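Given next, in structure tokens, is a single chain: the form predicted on its own.
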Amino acid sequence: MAAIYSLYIINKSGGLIFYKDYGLQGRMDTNDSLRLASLWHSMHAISQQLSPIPGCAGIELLEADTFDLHCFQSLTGTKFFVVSEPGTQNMENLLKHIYELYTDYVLKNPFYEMEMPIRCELFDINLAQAIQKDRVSYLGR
């Protein structure tokens, strides 16, 4: 069984620029994935404002009965979040690695326009390898 159900990348304005489903069941359609990304962006922003701790970065982990949602926000405001099995560990490291892939293969691509949907074959290939590597390490535990 896979540890990761899906991956989302949201630009600083709250627009969904990348979505990949890794689950075997319950695939969402495009409208549902856009709604989820928009909802998460809003919840993340509200949590930053409501936090009693000054300088709070927002929600980093949302735990539910059937899934965990892990989030990493870059300094530019781009959010990376994965929906995974409950109790999945080391998602912070995976999200940081995905961010490194994003900077290496998307941001350095001369044809990529900022804040636009990601269409980069090298990013897709390296992302698939990173997710596969994470699945193998998860199953080996």
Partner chain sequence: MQFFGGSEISPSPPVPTASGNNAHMMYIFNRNGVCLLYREWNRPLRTLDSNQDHKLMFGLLFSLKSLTAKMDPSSTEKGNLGVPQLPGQGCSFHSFRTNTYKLSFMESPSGIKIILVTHPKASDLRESLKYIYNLYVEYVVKNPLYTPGTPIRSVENLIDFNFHYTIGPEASYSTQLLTNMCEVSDDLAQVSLLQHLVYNG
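Numbering follows the first chain given and starts at 1. As the structure is a computational prediction, the values presented were derived from the model and not from experiment.
Below, we turn to the form predicted in complex with the partner chain, even though it does not appear here.
A residue is said to contact a partner when one of its heavy atoms sits within 4.5 Å of a partner heavy atom; residue 104 fails this definition for the partner chain in the predicted bound form, lying far away. In the predicted bound form, at least one heavy atom of residue 32 sits within 4.5 Å of a heavy atom of the partner chain. A residue is said to contact a partner when one of its heavy atoms sits within 4.5 Å of a partner heavy atom; residue 100 fails this definition for the partner chain in the predicted bound form, lying far away.
Using a 4.5 Å cutoff between non-hydrogen atoms, residue 47 counts as a contact of the partner chain in the predicted bound form. No member of the trio 91, 125 and 130 reaches the partner chain in the predicted bound form with any non-hydrogen atom inside 4.5 Å. With contact defined as any non-hydrogen atom lying within 4.5 angstroms of the partner chain in the predicted bound form, the contacting residues in 48-78 are 49, 50, 51, 52, 53, 54, 55, 56, 57, 58, 59, 60, 61, 62, 63, 64, 65, 66, 67, 69, given in sequence order.
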